[in-house]
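In structure tokens, the next block holds one chain alone, the form predicted alone.
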Amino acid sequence: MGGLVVRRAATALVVLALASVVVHLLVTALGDPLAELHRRNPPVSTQVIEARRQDLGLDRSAPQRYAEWLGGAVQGDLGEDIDGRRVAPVVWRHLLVTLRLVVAAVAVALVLAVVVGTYAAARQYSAADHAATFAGFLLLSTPVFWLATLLKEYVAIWTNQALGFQVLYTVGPQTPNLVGGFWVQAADRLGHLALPATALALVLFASWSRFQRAATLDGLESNHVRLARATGASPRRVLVRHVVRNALVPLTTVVAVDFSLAFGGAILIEKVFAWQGMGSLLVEGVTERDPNLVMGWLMVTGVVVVGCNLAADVIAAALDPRVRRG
């Protein structure tokens, strides 16, 4: 197991390094991030622009800027953006907002996918199986931003009106300047999180439940399951111990790969619900052609995605001895 983790971690570092080089080249090709200063009215003096250019290191060559940025990034220093803010705290603040949405959505989608996919496979061709299949394909064909808009415009209004008070919120990750104790703050954040997380979870659940169903059906037809049945094991024990555990191995890999896609979906959902997360930060960095902001976004997002893939490899090895031997 230790050798597996070391090999995967070494590969992850190489991937991050190559990705940082490619993104640095792309950001450099965007143009001069200080071009907007030349268009201001009243105009900014040339001395001020040149001083800012030197502060950002734009007066040096691209390889020199990358080497300086990489040296600071290794130590946790992602430099300054064009407005003079330290990039690391800004990225960290936005990352916590997006992770709150993505982790909640992934957890809900994973539980639903395992339960629904396993039940549909165990009751193959039943009404429940057909209903799960229809729901999965319907959600797969639904754009995430449209689903989020429906939840925002209809579900939130209907629920709040039915209850007679506001329990679901449609703007922001939390109520600004809310006064109250822990439970008040927790209820407020949960009310803001419910609809965005549901929209993202439903889209993820649609594909994951199909993977779980297919993997469970394969497991039910395997030789070791037939042997377990022949020895007199109960159907529930066979399903949980011999089928579901093996079916989780391919699903774990799919979840790890789709975690990065969940970040992409979160960008659209954050726009619908006005969340200031990683999506808004990326749009700000690209719009302003801010090299350090975009590079900081890439590195933090890359570490999260690569870390999840590494965790998936470790979990797969723990679930399946064949992965450890391989």
Partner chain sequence: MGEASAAVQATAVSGRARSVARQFCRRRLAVASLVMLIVVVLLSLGGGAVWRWDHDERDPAAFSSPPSKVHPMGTDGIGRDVLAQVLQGAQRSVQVALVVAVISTAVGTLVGALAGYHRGAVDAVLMRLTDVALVVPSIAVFALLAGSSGGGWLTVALVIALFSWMSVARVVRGVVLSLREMGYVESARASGAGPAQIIATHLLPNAAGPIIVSGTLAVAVAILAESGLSYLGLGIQPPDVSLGRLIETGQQAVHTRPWLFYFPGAVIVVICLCVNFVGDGLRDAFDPTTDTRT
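Rigid core (definition): largest C-alpha set, two forms, superposition within 1.5 Å. Residue numbers count along the first chain shown, from 1. The structure presented is a predicted model; accordingly, all values stated were derived computationally and were not measured.
This protein has a second form, the form predicted together with the partner chain, left out of what is shown; the following refers to that one.
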| message | Contact with the partner chain in the predicted bound form for Leu140, defined as at least one heavy atom pair within 4.5 Å: yes or no? | response | yes
ask   = Heavy atom to heavy atom, is Ala67 within 4.5 Å of the partner chain in the predicted bound form?
value = no
In the predicted bound form, is there a heavy atom of the partner chain that lies within 4.5 Å of any heavy atom of Phe145, even though the partner is absent here? yes
Would you classify His242 as touching the partner chain in the predicted bound form, given a 4.5 Å non-hydrogen atom cut-off?
no
Candidate site Ala73, Asp129 and Thr253: all three near the partner chain in the predicted bound form by heavy atom within 4.5 Å: no
Assert contact_stretch over 114-122, 101-109, 131-139, 233-241 against the partner chain in the predicted bound form, heavy atom within 4.5 Å, equals 131-139
Of the residues spanning 293-313, the ones with some heavy atom within 4.5 Å of the partner chain in the predicted bound form are Trp297, Leu298, Gly302, Val305, Val306, Asn309
Answer yes if the Cα of Asp218 shifts by 2 angstroms or more between this form and the one not shown on a rigid-core superposition, and no otherwise. yes
